[in-house]
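Below, in C-alpha cells: the form predicted alone, a single chain.
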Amino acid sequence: MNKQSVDHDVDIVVTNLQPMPAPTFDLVIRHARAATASDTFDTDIGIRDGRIVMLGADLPAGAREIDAGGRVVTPGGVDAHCHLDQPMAPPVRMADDFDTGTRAAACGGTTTVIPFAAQEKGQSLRAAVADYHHRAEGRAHVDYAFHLIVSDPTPQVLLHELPELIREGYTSFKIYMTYDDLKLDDGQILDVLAVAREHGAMAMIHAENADCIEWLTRRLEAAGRTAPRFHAHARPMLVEREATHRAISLAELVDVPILIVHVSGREAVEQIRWARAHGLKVYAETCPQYLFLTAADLGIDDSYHGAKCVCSPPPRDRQNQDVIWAGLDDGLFTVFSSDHAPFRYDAPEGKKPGGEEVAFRHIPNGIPGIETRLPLLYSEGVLAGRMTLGRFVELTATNPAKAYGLHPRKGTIAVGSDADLVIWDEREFVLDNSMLHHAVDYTPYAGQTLRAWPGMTLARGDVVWDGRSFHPRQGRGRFLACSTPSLMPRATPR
C-alpha cells in the first residue's frame, strides 16, 4: 500500500564506507543530540549487532554512517497499551494486525509495542496466549511483548496458569471493571490482585462503573437518544471517578501497586492524587484522545460521524484537557500510551457493524493512534513548551519499559541497550490520514497542525522508516519476555 510521507526538506546523509581494517561498528550515528529521561547530550552513537556499544565524540568509522546533523535523537517509543488483531465478536474485526499495526508504529517512531492476549470467558489463559502468538508470528516489523487480559479467573487460572505465565515473561495483565464480556466483580479483582502481589506482576485496571453505565444507557435508549454523542452521556466522569476510587481501595486492601489506564479527566485525577498523598503505589496512564479531542468530537448533533471518536472513557472538555496536560508535566502520569484500537469507519466490520449505523451501545469502542502518539506529544508537549524533552522520553519510552519489565534493553539510549532510535524532523505541517500507514480509513487527528515527525526510525540498528519510505521486513520483530516491572517495589510476604 502506497502512502504519502510527511513533506519535509530534511537531508539525513547515509554513507556506505569500505574502511580497512574491518570497522569497529556496524553503524555510527554522528552528531546526535541524544535525549534520555535524565539528560540531553551531544554524542556519536556506535552500534553493533543491533545494540548500542559506545557513546562519545569522534567515534571510529562504522560500516555505515548516518549524520543526524545535530537533530534530537530519542529512544524508540514503547507503546505499552495498544490493541492489534484482538479477537472480536463477528462481524466486528480490528483493522490492524501485527503487520500493518507495527508498520504504522515504526513510521511514527515506536519500536516496541505491547498489545493484549485477551482471554475469553470459558477459555484458558494459555489458549489465549497461544492464539496471540499465532497471530503475531512472522508478521511484526518491530519488537513486541504481550499483556494478558484476565476475564475468567477460575481456580485453574489463579493457581496455575497466571503464576506460570508471569514466570515465563508475561508480567502484566489488564482487569476490566466494565464491558460484559470482560468485566470482573470486586471479589474476582481481589483474587487477581493477590496473584499480582505474590508474583510481582503489574495489574492494569480499566476503571469505569459498569452498572452505572448500563443504567444510564437504558434510560438514554428509552428516550431515543442513541446517536454517537450520547456515548459520552452514558459515561460521565463520575463513573470513572467511582471506579478509580474502588480500584484504589481494592489495591490498598491487597497492598499491591496498580496502574490506572486511559485516565480522562479531573475527577479520576483527583482520586489518584489522593492515593499518592496517602502513600499508595498507584500509577496512571493517559492517551492522546484526552489531550486533543473533546466530547464535541462525538458530535454536536445526531450525525453518525461522531462514531469515529467513540472510545471509553470518552473525551471530556477543554478544562479537563488542561488537567491532563498538568498531570503529564508534574509527574502524576507515569505512562503515555496510544490505546490504539483500530476500526474502519465506513466498513461493515468496523464502526458500522454489518453495514448499519447502530446505536451508540453497539459502536465498537476505540480509535487509531499508534502512529500519531509520539508526534502529537512532541509537537504540543515539547515544542509548545508544556514539558521538557526528558519528560517526553520518560512518558513515551523509559517509564513504559520500566513498568512492564523491558528496561534497560528498551526505553533509553545507553551502552547495552537495543539500538531503537528516532531522529526527529522538526517542521510544521497539517496531518492527513493519507500520510499514515495504518489500515484505518481515518484519523481523529486529521487537520491538526504538527511541528515534528520522525525523520528516521531505527529498530535494533536497522532503518525501518527513513522519513519518506517504510522499509518492511515482516517477521523482523521479536517477541520479548518481560521481567518483573522495575517501577514496582517488592512486596513483603504476609
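Here the structure is a predicted model, which means the values were calculated and not measured. Residues carry their position along the shown sequence, with the first being 1.
Keep in mind that the form predicted together with a small molecule is not shown, yet the notes after this line are about it.
- Okay, which stretch from 210 to 218, 76 to 84, 385 to 393, 329 to 337 lines the small molecule in the predicted complex, with non-hydrogen atoms inside 4.5 Å? Comparing against the small molecule in the predicted complex, the contact stretch is 76 to 84.
- Message: Taking the small molecule as it sits in the predicted complex, is R139 in contact with it (heavy atom to heavy atom, 4.5 Å or less)?
- Response: Contact with the small molecule, no.
- Message: Under a 4.5 Å heavy atom criterion, is R409 part of the interface with the small molecule in the predicted complex?
- Response: Taking the distances in the predicted complex, the answer for R409 is no, it never comes within 4.5 Å of the small molecule.
- Task: May I ask you to state whether Y176 is within 4.5 Å of the small molecule in the predicted complex, using heavy atom distances?
- Result: Looking in the predicted complex, residue contacts with the small molecule include Y176, since a heavy atom lies within 4.5 Å.
- Message: Check N365 for me: does it contact the small molecule in the predicted complex (non-hydrogen atoms, 4.5 angstroms)?
- Response: Close contact exists here: in the predicted complex, N365 approaches the small molecule to within 4.5 Å, heavy atoms only.
- Have a look at R229, H262, R344, R316 for me and say which one sits with a heavy atom within 4.5 Å of the small molecule in the predicted complex. Looking at R229, H262, R344, R316 one by one, just H262 meets the 4.5 Å heavy-atom criterion.
- Which of these residues, C311, V150, A247, C107, gets a heavy atom within 4.5 Å of the small molecule in the predicted complex? None of the other options qualify; the answer is C311.
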